[in-house]
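Below you will find one chain, with nothing else, as structure tokens; this is the form predicted on its own, and questions on how it binds or moves follow later.
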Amino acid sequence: MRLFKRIRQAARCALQGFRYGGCSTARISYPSYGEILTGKRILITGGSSGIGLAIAKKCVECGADVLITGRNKDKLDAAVNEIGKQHCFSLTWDISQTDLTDKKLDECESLLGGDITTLVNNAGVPPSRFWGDVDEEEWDKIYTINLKGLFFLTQALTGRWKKQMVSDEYRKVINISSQGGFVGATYPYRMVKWDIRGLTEGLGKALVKERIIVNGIAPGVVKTSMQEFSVRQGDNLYTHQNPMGRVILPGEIAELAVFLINDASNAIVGQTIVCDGGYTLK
């Protein structure tokens, strides 16, 4: 029976390799941390799918109360139903509308039942145009949503934290950057990722004395709807875009996020941790 199963798997992998150029799988054991994030109230922008949703799921699993934001209410509602309404909440919010930031933060605190303790800046839109074909509409869209919204939300929330701090607890900001922030950039999406990486380093140094710790995560090619080929390939994780030969799973990014949110990582300041299957080592 085992031999038959192996033959069938080999045949399937050969077919996948012919169709997509290769075949790759991953066996990953995700650890259980108990409720190490109990008492944390976490705001995750862009939390209705992909990396943001994976982080939200893991944080709730670890005992946190989580609020996810996004522009699509139906997707937000579906995500909350998937995670569980007891510890996950949602708020329809386009963070590029910076005139609404303070009002929306008030709503977040009301829904969470207290001050936000952690911000995960994950909201963003993918590129649609590249060097030689970039127009002002593409430039403005990427910079407004992926950087402007992140900057002013972080500025507003950390400003509140400075007024709210009455204990020795650290507050955390986790910026989701990209492997694109570590290689040459020729189009707005990657240029923004460089900016986010630089902002993470700058704020890490500037805010740590205020008991606010800022770090980042730079994912590589992750199996999400942003990488359409990875969805089409189903269980086949193959990609030629990194030395490991497979895409990164959203759950792997979530593991890093939980570690950075947890107080065990408090000595890590202003760093952007790369999780890209070795892409930036080329």
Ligand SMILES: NC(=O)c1ccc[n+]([C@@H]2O[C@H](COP(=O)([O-])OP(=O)(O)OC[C@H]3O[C@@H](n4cnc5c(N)ncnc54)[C@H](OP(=O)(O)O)[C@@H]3O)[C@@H](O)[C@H]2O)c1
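Keep in mind it's a predicted model, so treat the numbers as computed, not measured. Residue numbers run from 1 along the displayed sequence.
One more form of this protein exists, namely the form predicted in complex with the ligand; it is left out here, but the text below deals with it.
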item: The ligand in the predicted bound form: contacting segment from 131-139, 151-159, 86-94, 203-211, heavy atom within 4.5 Å; value: 86-94
item: Heavy atom within 4.5 Å of the ligand in the predicted bound form - residue from 105, 119, 112, 123; value: 123
item: Residue among 165, 191, 183, 145 with a heavy atom within 4.5 Å of the ligand in the predicted bound form; value: 145
item: The ligand contact in the predicted bound form: residue 72, any heavy atom under 4.5 Å; value: yes
item: Residue 227, heavy atom within 4.5 angstroms of the ligand in the predicted bound form; value: yes
item: is_contact(residue 46, the ligand) in the predicted bound form, heavy atom dist at most 4.5 Å; value: yes
item: 4.5 Å heavy atom contact, residue 51 to the ligand in the predicted bound form; value: yes
item: Contacts with the ligand in the predicted bound form, stretch 176-198 (heavy atom within 4.5 Å); value: 176, 177, 178, 189, 193
